[in-house]
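Just the one chain here, laid out as C-alpha coordinates, in the form predicted on its own.
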Amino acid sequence: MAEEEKFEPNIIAFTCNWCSYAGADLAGTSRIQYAPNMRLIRVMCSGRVEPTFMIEALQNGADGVCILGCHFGDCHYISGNYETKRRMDLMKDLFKDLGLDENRLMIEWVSASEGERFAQVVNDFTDKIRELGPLPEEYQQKLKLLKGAIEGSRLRIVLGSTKRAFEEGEIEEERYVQAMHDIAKEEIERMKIMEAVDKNKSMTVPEISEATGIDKLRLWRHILSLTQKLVLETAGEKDNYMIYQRRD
(Lines give C-alpha, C1' and ligand atoms only; values in the text may rest on other atoms or scores of the structure.)
Protein backbone atom coordinates (compact mmCIF):
# COMPACT_ATOMS: atom_id res chain seq x y z
CA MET A 1 0.00 0.00 0.00
CA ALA A 2 1.36 3.44 -0.90
CA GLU A 3 2.47 5.67 1.96
CA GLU A 4 -0.10 8.37 1.19
CA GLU A 5 -2.90 5.76 1.39
CA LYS A 6 -1.87 4.95 4.97
CA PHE A 7 -2.23 8.53 6.14
CA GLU A 8 -4.89 9.10 8.76
CA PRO A 9 -5.29 12.74 9.80
CA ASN A 10 -5.33 14.15 13.29
CA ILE A 11 -8.16 16.66 13.61
CA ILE A 12 -9.06 18.97 16.48
CA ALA A 13 -12.69 20.04 16.86
CA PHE A 14 -13.80 22.78 19.23
CA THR A 15 -17.41 21.98 20.08
CA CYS A 16 -20.07 24.12 21.75
CA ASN A 17 -21.25 22.62 25.04
CA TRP A 18 -24.92 23.27 24.37
CA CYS A 19 -25.33 22.17 20.75
CA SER A 20 -22.56 20.45 18.80
CA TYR A 21 -21.07 18.59 21.77
CA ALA A 22 -24.56 17.38 22.63
CA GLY A 23 -24.96 16.40 18.97
CA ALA A 24 -21.79 14.33 19.25
CA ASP A 25 -23.17 12.68 22.38
CA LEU A 26 -26.40 11.87 20.54
CA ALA A 27 -24.42 10.32 17.68
CA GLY A 28 -22.65 8.12 20.21
CA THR A 29 -25.73 7.00 22.09
CA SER A 30 -27.48 6.36 18.77
CA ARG A 31 -24.53 4.17 17.69
CA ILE A 32 -23.99 6.24 14.53
CA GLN A 33 -20.63 5.38 13.02
CA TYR A 34 -18.22 8.15 12.06
CA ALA A 35 -14.48 8.56 11.50
CA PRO A 36 -12.45 8.34 14.74
CA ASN A 37 -9.88 10.95 13.65
CA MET A 38 -11.48 13.92 15.37
CA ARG A 39 -10.53 14.88 18.93
CA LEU A 40 -13.25 16.94 20.60
CA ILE A 41 -12.54 19.90 22.87
CA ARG A 42 -15.67 21.11 24.64
CA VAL A 43 -16.05 24.86 25.13
CA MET A 44 -19.01 26.69 26.64
CA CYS A 45 -19.51 28.66 23.41
CA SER A 46 -17.92 28.60 19.96
CA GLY A 47 -17.25 32.30 20.58
CA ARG A 48 -14.68 31.21 23.18
CA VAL A 49 -12.40 29.87 20.45
CA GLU A 50 -9.61 32.38 19.83
CA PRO A 51 -7.68 32.33 16.53
CA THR A 52 -4.57 31.36 18.52
CA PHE A 53 -6.31 28.12 19.60
CA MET A 54 -6.57 27.09 15.94
CA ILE A 55 -2.96 28.01 15.22
CA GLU A 56 -1.62 26.17 18.27
CA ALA A 57 -3.57 23.05 17.34
CA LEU A 58 -1.85 23.01 13.93
CA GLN A 59 1.51 23.74 15.53
CA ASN A 60 1.10 20.77 17.84
CA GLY A 61 0.26 17.97 15.46
CA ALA A 62 -3.20 18.62 14.01
CA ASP A 63 -3.66 18.33 10.25
CA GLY A 64 -6.97 20.19 10.34
CA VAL A 65 -9.05 22.22 12.78
CA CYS A 66 -12.79 22.77 12.92
CA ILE A 67 -15.23 24.68 15.07
CA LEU A 68 -18.70 23.25 15.57
CA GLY A 69 -21.23 25.64 17.06
CA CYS A 70 -24.94 26.38 17.40
CA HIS A 71 -27.05 27.39 14.43
CA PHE A 72 -27.56 31.14 14.04
CA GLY A 73 -30.30 32.27 16.37
CA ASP A 74 -29.73 29.39 18.80
CA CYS A 75 -26.60 30.58 20.62
CA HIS A 76 -27.04 30.50 24.40
CA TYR A 77 -24.86 33.62 24.56
CA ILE A 78 -26.81 35.42 21.82
CA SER A 79 -24.02 36.34 19.37
CA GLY A 80 -21.12 33.99 20.10
CA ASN A 81 -21.50 32.03 16.86
CA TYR A 82 -21.61 35.23 14.77
CA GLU A 83 -18.31 36.32 16.32
CA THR A 84 -16.86 32.88 15.62
CA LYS A 85 -17.89 33.11 11.96
CA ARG A 86 -16.09 36.46 11.61
CA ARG A 87 -12.95 35.04 13.21
CA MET A 88 -12.96 32.01 10.95
CA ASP A 89 -13.46 34.19 7.87
CA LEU A 90 -10.48 36.27 9.00
CA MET A 91 -8.33 33.19 9.56
CA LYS A 92 -9.17 31.79 6.13
CA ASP A 93 -8.30 35.12 4.47
CA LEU A 94 -4.98 35.26 6.33
CA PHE A 95 -4.24 31.65 5.39
CA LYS A 96 -4.69 32.60 1.72
CA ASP A 97 -2.48 35.68 2.19
CA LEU A 98 0.30 33.46 3.55
CA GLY A 99 -0.08 30.74 0.93
CA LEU A 100 -1.59 28.25 3.37
CA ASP A 101 -4.53 26.02 2.44
CA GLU A 102 -7.63 27.47 4.11
CA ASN A 103 -9.42 24.14 3.55
CA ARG A 104 -7.62 22.85 6.63
CA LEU A 105 -9.99 25.05 8.64
CA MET A 106 -13.73 24.50 8.86
CA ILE A 107 -16.71 25.91 10.71
CA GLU A 108 -20.10 24.19 10.83
CA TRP A 109 -23.30 24.38 12.85
CA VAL A 110 -24.75 21.30 14.56
CA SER A 111 -27.64 21.28 17.05
CA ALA A 112 -28.09 18.94 19.99
CA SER A 113 -30.70 16.94 18.03
CA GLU A 114 -28.51 16.45 14.93
CA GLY A 115 -26.52 13.31 15.71
CA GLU A 116 -26.58 12.16 12.10
CA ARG A 117 -25.50 15.59 10.86
CA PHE A 118 -22.61 15.58 13.35
CA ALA A 119 -21.41 12.25 11.98
CA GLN A 120 -21.70 13.48 8.38
CA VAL A 121 -19.76 16.68 9.15
CA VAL A 122 -16.99 14.65 10.83
CA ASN A 123 -16.77 12.20 7.93
CA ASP A 124 -16.76 14.89 5.25
CA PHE A 125 -14.04 16.97 6.93
CA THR A 126 -11.94 13.88 7.67
CA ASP A 127 -12.13 12.87 4.00
CA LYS A 128 -11.09 16.37 2.96
CA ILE A 129 -8.06 16.44 5.28
CA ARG A 130 -7.14 12.89 4.32
CA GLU A 131 -7.09 14.04 0.69
CA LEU A 132 -4.93 17.08 1.53
CA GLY A 133 -2.41 14.90 3.35
CA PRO A 134 -0.25 15.66 6.40
CA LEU A 135 0.31 19.27 7.37
CA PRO A 136 3.45 20.34 5.43
CA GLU A 137 6.48 21.13 7.58
CA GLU A 138 6.93 24.47 5.81
CA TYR A 139 3.63 25.62 7.33
CA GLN A 140 5.22 25.92 10.75
CA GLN A 141 7.21 29.10 10.09
CA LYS A 142 4.18 30.80 8.56
CA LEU A 143 2.00 29.71 11.46
CA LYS A 144 4.56 31.23 13.82
CA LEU A 145 4.32 34.54 11.93
CA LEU A 146 0.54 34.41 12.01
CA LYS A 147 0.41 33.66 15.73
CA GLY A 148 2.79 36.51 16.49
CA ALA A 149 0.63 38.91 14.49
CA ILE A 150 -2.63 37.73 16.08
CA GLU A 151 -1.18 38.01 19.59
CA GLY A 152 0.25 41.49 18.98
CA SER A 153 -0.97 44.28 21.25
CA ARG A 154 -1.66 46.62 18.31
CA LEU A 155 -4.10 44.19 16.72
CA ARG A 156 -5.94 43.57 19.97
CA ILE A 157 -6.19 47.27 20.86
CA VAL A 158 -7.33 48.45 17.43
CA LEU A 159 -9.73 45.57 16.89
CA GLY A 160 -11.13 46.08 20.38
CA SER A 161 -12.08 49.67 19.61
CA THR A 162 -13.28 48.75 16.10
CA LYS A 163 -15.48 45.98 17.53
CA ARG A 164 -17.08 48.42 19.97
CA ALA A 165 -17.81 50.83 17.11
CA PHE A 166 -19.33 47.95 15.12
CA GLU A 167 -21.52 46.78 18.01
CA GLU A 168 -22.70 50.34 18.64
CA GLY A 169 -23.69 50.74 14.99
CA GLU A 170 -21.03 53.34 14.14
CA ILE A 171 -19.52 51.19 11.36
CA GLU A 172 -21.12 48.50 9.21
CA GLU A 173 -20.09 44.85 9.32
CA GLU A 174 -18.31 44.90 5.95
CA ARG A 175 -16.02 47.68 7.13
CA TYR A 176 -15.43 45.93 10.44
CA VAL A 177 -14.44 42.66 8.75
CA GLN A 178 -12.20 44.50 6.28
CA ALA A 179 -10.53 46.37 9.15
CA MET A 180 -9.78 43.06 10.89
CA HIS A 181 -8.16 41.70 7.74
CA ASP A 182 -6.16 44.84 6.92
CA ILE A 183 -4.75 45.24 10.43
CA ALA A 184 -3.87 41.56 10.75
CA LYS A 185 -2.16 41.64 7.34
CA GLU A 186 -0.10 44.66 8.42
CA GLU A 187 0.95 42.89 11.61
CA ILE A 188 2.06 39.84 9.63
CA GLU A 189 4.17 42.11 7.43
CA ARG A 190 5.77 43.67 10.49
CA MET A 191 6.55 40.23 11.84
CA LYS A 192 8.26 39.43 8.53
CA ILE A 193 10.26 42.66 8.69
CA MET A 194 11.50 42.01 12.21
CA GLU A 195 12.32 38.40 11.40
CA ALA A 196 14.43 39.50 8.41
CA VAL A 197 16.21 42.24 10.38
CA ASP A 198 16.94 39.91 13.30
CA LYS A 199 18.32 37.28 10.94
CA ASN A 200 20.62 39.71 9.11
CA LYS A 201 21.37 42.04 12.07
CA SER A 202 20.93 45.17 9.94
CA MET A 203 19.38 45.87 6.54
CA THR A 204 18.40 48.62 4.10
CA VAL A 205 14.85 49.06 2.80
CA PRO A 206 15.64 47.44 -0.61
CA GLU A 207 17.21 44.47 1.21
CA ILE A 208 14.20 44.10 3.51
CA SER A 209 11.84 44.37 0.55
CA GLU A 210 13.68 41.60 -1.31
CA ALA A 211 13.75 39.36 1.77
CA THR A 212 10.09 39.80 2.69
CA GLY A 213 8.37 40.37 -0.65
CA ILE A 214 6.78 43.56 0.70
CA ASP A 215 6.77 46.40 -1.83
CA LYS A 216 8.87 49.44 -0.90
CA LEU A 217 5.97 51.87 -0.48
CA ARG A 218 4.23 49.69 2.12
CA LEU A 219 7.61 48.92 3.65
CA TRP A 220 8.44 52.60 4.18
CA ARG A 221 5.21 53.02 6.15
CA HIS A 222 6.11 50.10 8.40
CA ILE A 223 9.68 51.31 8.89
CA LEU A 224 8.46 54.78 9.86
CA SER A 225 6.05 53.34 12.43
CA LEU A 226 8.60 50.88 13.84
CA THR A 227 11.24 53.60 14.26
CA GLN A 228 8.74 55.94 15.89
CA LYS A 229 7.85 53.18 18.34
CA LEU A 230 11.58 52.65 19.04
CA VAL A 231 11.48 49.08 17.75
CA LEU A 232 13.98 49.85 14.96
CA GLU A 233 16.77 52.41 14.78
CA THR A 234 19.13 53.66 12.09
CA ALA A 235 22.67 52.31 11.98
CA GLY A 236 24.39 54.24 9.20
CA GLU A 237 24.03 54.29 5.42
CA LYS A 238 24.63 51.93 2.51
CA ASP A 239 24.19 52.68 -1.20
CA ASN A 240 22.37 55.93 -0.33
CA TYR A 241 19.87 54.06 1.86
CA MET A 242 19.59 54.14 5.64
CA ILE A 243 20.51 50.94 7.43
CA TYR A 244 18.04 49.70 10.08
CA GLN A 245 18.55 47.38 13.02
CA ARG A 246 16.56 46.33 16.07
CA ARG A 247 16.81 48.82 18.92
CA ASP A 248 18.33 47.34 22.06
Partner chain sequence: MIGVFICFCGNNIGGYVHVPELTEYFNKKEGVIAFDTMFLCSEIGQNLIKEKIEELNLDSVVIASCSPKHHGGIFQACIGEKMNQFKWEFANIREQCAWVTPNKEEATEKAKAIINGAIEKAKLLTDIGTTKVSVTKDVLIIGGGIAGMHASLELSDKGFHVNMVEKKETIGGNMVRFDRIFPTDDCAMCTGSPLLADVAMNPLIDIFSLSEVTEVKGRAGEYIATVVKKPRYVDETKCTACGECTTHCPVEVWSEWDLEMGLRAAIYKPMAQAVPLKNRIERDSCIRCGTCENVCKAGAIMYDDEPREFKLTVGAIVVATGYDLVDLSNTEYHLEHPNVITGLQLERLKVPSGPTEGEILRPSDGKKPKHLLFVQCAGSRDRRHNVYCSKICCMYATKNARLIKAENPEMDITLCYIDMRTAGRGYEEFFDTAREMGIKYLRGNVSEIVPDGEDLIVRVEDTFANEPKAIKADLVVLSTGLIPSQGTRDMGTIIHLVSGADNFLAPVHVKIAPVDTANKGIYIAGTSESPKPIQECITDAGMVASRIATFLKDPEIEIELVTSKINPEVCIKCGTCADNCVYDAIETTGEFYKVLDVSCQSCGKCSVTCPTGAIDLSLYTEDQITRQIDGILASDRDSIIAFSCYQCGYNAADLAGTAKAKISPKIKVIRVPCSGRVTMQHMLYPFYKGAKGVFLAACLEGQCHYIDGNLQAKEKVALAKKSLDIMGVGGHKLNLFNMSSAEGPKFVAAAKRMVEICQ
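No experiment lies behind these values; they were computed from the predicted model shown. Numbering follows the first chain given and starts at 1.
As for the form predicted in complex with the partner chain, it is not shown, yet the points below apply to it.
- Contact annotation: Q120 falls outside 4.5 Å of the partner chain in the predicted bound form, judged by heavy atom distances.
- In the predicted bound form, the partner chain lies within 4.5 Å of some heavy atom of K216.
- Though the partner is left out of this view, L224 does reach within 4.5 Å of the partner chain in the predicted bound form, counting heavy atoms only.
- Taking the partner from elsewhere, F53 is found to have every heavy atom lying beyond 4.5 Å of the partner chain in the predicted bound form.
- The single contact residue among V158, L90, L143, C75, judged by any heavy atom lying within 4.5 Å of the partner chain in the predicted bound form, is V158.
- Although the partner chain is omitted here, in the predicted bound form all of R164, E237 and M242 have a heavy atom within 4.5 Å of it.
- Only one of 66-74, 31-39, 184-192, 53-61 places residue heavy atoms within 4.5 angstroms of the partner chain in the predicted bound form, namely 184-192.
- Contact annotation for 167-188: residues with any non-hydrogen atom within 4.5 angstroms of the partner chain in the predicted bound form are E168, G169, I171, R175, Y176, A179, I183, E186, listed in sequence order.
- Inter-residue distance, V158 to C16 (Cα): reduced by at least 3 Å in the predicted bound form versus the depicted form.
- If you compare C-alpha positions, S161 and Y82 are 3 angstroms or more closer together in the predicted bound form than in the form on display.
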